[in-house]
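Take a look at this single chain in C-alpha cells; it is the form predicted alone.
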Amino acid sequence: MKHTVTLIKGDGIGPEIADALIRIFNAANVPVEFEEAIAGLEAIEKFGNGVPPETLESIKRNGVAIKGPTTTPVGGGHKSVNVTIRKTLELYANVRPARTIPGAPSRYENIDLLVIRENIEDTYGGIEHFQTPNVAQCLKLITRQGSLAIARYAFETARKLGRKRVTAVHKANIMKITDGLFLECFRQVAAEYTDIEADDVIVDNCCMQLVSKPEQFDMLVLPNLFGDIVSDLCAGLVGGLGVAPGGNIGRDVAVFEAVHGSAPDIAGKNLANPTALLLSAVQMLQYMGLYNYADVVSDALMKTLADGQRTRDLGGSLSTTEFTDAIIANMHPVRHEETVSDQPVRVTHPVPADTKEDWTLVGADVFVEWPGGLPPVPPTVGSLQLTMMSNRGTKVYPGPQPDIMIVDHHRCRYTSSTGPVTTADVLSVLHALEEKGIRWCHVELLNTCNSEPRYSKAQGE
C-alpha cells in the first residue's frame, strides 16, 4: 500500500536535499509517493503568498507532509512560512529529538533528549504594536487550553516511548501569570500520569544545566519561545542544526521538516548536508507506523556517518550526491513487510470545565503617551481612583520617583474601593484623558478571581 505524502522542497538548498531524500526512499522501496507542493520564495514570486491555499489543501488531504528549509526575512518582509503552516493547520506540538550521532562533532556523548515545544501561542501569536513612536509591545498569550494540550501530548508521548521523566521548563518566577498558568496546567496533567516522574526547572537554569550535564534530562516540555531557543541549544549539543530533525504534530495532520536555514550561499553547489531532512523523514515514517522502513533509512545513515563518510559541514569531503550514494550503498533490505498498526499520539483539545469562580472587574490599566515626565492624569474619575503609575514596569507614583530613565509610555492604574466597576466606568476614564489632551493607546481590564488579583504588580509596588 502506497502512502501519499506532500513534499515541499523549499528554498536555497531545499531542492537538493529533497532530491537526496527521494533517491534514498526509492532505493529503500519506501511505500510513499510524494505529491509536490510549493511554499516559500517560489510561492511568493508566483502567487504573492508564501503558503498558497493549494499547498495547505494538499497537506490536509494527505495528512502528512515533509518540507525542506524556507527563507524568513529578519525584521521585515513576509511572515515565516513555518509559522504560517503551523498556525493554519493547528500543529500544536513541535517534537525535536536530540540524540548523539556518530561522526557529528560534539562535546558530549550518549545524549538522548526529546524536546516538546508548544507550537501555536506565546509570543508567536505575532501580536505586536508600536504604542508610541518609541515603545513597541508584543503580547505573550498563554492559554489554559493550549497548555493542557501540550502537557498531555508530552506525557502521552513519554508513556508510548517508555520515557521515564518529563520536565517543564518555564520562567514562572518572573512571569508569574503567563508562565504560572503553563506550569499550573503541567502539574494538573502530571497528576494523572503517576507512572512518569514530573518536575520543573526555570529556563535559564535549564540552559546552564543542559551545557553542564545534559544527560540528566529525559524529556522537556516548554512554551513556544523558550522551546524554540532550547530546542536549538539541544541541537548544538549533538552537532548542530545540520543533524537536527523536527516534527510538527496536530490532531489529524503532521508536517516534518529540516529545521536549519536555507543556506543560499551554497545552494546549487552540491555541498548541502541532507542529514537533518533524512532524520525528519525517519521521524515521519515512525509517525506513519512504517518502523521497518524508518530503521532501514536510519541504519544506513548512521553507518555512513560512523564510517567517516560525511559532507563538508561535518568535517568530511563528500558532496551531496556522493553522500547520498554512500547511504544507498550501506542500505540493507527491509527485513519483513509491515502494516500500519501503531497509531501516532493524538490528543483532543481540552475544554476546561465551567467554574463558579467569582470573576470580578475591579479597574483598568490605561497606557498613555506623554513625553517629558509623568502625565498629568486626573487622580479621580467617578468611582475610580488613580492608585499607581509605572514606567517600563517600575512604579513611579505614588511615593518618591525612582531615579530611572522615563520613556513616553506610562501605565496608569485606576481602581475602585467603593464597589463594582463597569466598562462604562473605564470608558469615562478614557474620555477624561482625552479632555485633558492626553492620548491613551492601550487598555487592560483588571479582574479578580475569588478576590485574588488576576493582574501583575509593578516593580516596587
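A residue's number is simply how far along the shown sequence it sits, counting from 1. Just so it is clear, the structure is predicted and the values come from calculations on it, not from any experiment.
Below, we turn to the form predicted in complex with a small molecule, even though it does not appear here.
The stretch in contact with the small molecule in the predicted bound form, judged by heavy atoms within 4.5 Å, is 264-272, chosen from 147-155, 182-190, 264-272, 160-168. Contact with the small molecule in the predicted bound form holds for all three of Asn82, Ala258 and Asp313, each having a heavy atom within 4.5 Å. Although the partner is absent here, Pro69 is a contact residue: one of its heavy atoms lies within 4.5 angstroms of the small molecule in the predicted bound form. Using a 4.5 angstroms threshold between heavy atoms, Ala18 stays clear of the small molecule in the predicted bound form.
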